[in-house]
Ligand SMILES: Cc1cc2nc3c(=O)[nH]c(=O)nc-3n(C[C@H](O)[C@H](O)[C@H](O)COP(=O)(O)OP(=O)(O)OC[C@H]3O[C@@H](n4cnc5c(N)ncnc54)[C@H](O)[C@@H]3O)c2cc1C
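Given next, in structure tokens, is a single chain: the form predicted alone.
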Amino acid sequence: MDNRACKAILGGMEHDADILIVGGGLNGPALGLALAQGGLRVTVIDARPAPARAETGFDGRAYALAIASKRLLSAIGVWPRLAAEVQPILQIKASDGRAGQGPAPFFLTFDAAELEEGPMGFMVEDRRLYAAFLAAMAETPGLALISGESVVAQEIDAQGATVRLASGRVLRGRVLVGCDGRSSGTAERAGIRRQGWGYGQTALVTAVQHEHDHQGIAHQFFMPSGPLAILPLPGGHHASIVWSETDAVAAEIQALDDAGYLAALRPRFGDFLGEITLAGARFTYPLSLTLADAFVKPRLALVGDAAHGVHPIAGQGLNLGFRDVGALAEVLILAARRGEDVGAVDVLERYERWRRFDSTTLALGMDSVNRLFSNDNPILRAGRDLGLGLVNALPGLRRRFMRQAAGLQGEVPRLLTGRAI
């Protein structure tokens, strides 16, 4: 066991940290910061080399952060490092349509002017967000980051959790948290199964440079093969593209050269932003819904995509993960202050009760929306267009949808209100 790590003597067993977090994407660092700032000793294990990821150039990958997520980042000291690098989302426009035909006559517009809290969300590049996390982690006492190391084995006993890294290093903690994505090794090794299904869709992700200023407006076009999101990036003339197609069509488009790829995108994108050119790398992600049968076991919890993977139709995946982060951090920190065993199953089940219904409801809601809009049935098309127009004409209902998407409804964890635990 590594004697350089912080150790605690609890129940006669040595622990390198109170909490071991497997996964250094975004949820893992956020949870690590929240817990360490709440007085717990944390080790985050990231399979990827941290410096390489932080120093990558512009590749177009970005996230839409809800208001509640921005508040969490403010509460854990990350937002001040990001404020100059984000693009406020001032409007969201959603419409039905077909490639080359433009949007349907009925549409839905969400406007930030209807919210007292300000912009409905913020776009931030992956590289900027991760670099901010990395800097904050380096300055936080009680938080250690191990990068470029993967977990190959884990064992849970009555006093804690033990993990073995590929290098042979062994670490022990009171709680093991899996933030390691949809194919979570933490969940698999714990025997936690998953339920779900694929959509037969693949997301094509890239970035474009466009002629006209986007004015902070995000666009969501619902087309028969899947949704196309055009998301504003800082500077006014770049946008992140998340474009869903059937698996076969997506594979064909991804195989094209840049000119062919752009030719396929143009009729779907339209000309409202003028001429467009590719400005980022090109990525593909198969789309599916996946839910873990359990979010917790004794000494173990799952967070973010390790617990629930949703369709990206509303950009809620990371925001949903940050809600998990806020809830688990609050449960563990308050339990520790009361002198409870933070790894006890009754403590961890408080987190599961808090988060399971919300995440399952949102996952199934996104599934229903995708199924409703990803088809060309004329009856469904007429009904959904009418529905968009009806919601747009009812300010009270429209505002309720906006507050829900912003993460301002329901039992919100303290960190997501901007308050420290």
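Remember, it's a predicted structure, so these values are computed and weren't measured experimentally. For every residue, the number given is its place in the sequence shown, counted from 1.
Keep in mind that the form predicted in complex with the named molecule is not shown, yet the notes after this line are about it.
When contacts are judged by a 4.5 Å heavy atom cut-off, Q316 counts as touching the named molecule in the predicted complex. For the chain shown alone, Y63 is a contact residue for the named molecule in the predicted complex, at least one non-hydrogen atom being within 4.5 angstroms. In the predicted complex, no heavy atom of G121 sits within 4.5 Å of the named molecule.
Proximity of A17 to the named molecule in the predicted complex: non-hydrogen atoms within 4.5 Å are absent; the residue sits far from the partner. Between the named molecule and the residues V242, L134, A336, A75, the one pair within 4.5 Å by heavy atoms in the predicted complex involves V242. Proximity to the named molecule in the predicted complex, taken as a non-hydrogen atom within 4.5 angstroms, holds for one residue of E149, D341, D96, E330, which is E149. For the marked spot (A161, L176 and L300), a heavy atom within 4.5 Å of the named molecule in the predicted complex is absent from each of the three residues. Contact annotation: the named molecule lies within 4.5 Å of heavy atoms from the stretch 301-309 in the predicted complex, the single such stretch among 216-224, 301-309, 76-84, 261-269.
Interface residues of 156-185, taken as those with a heavy atom within 4.5 Å of the named molecule in the predicted complex (partner not displayed): C179, D180, G181, in sequence order.
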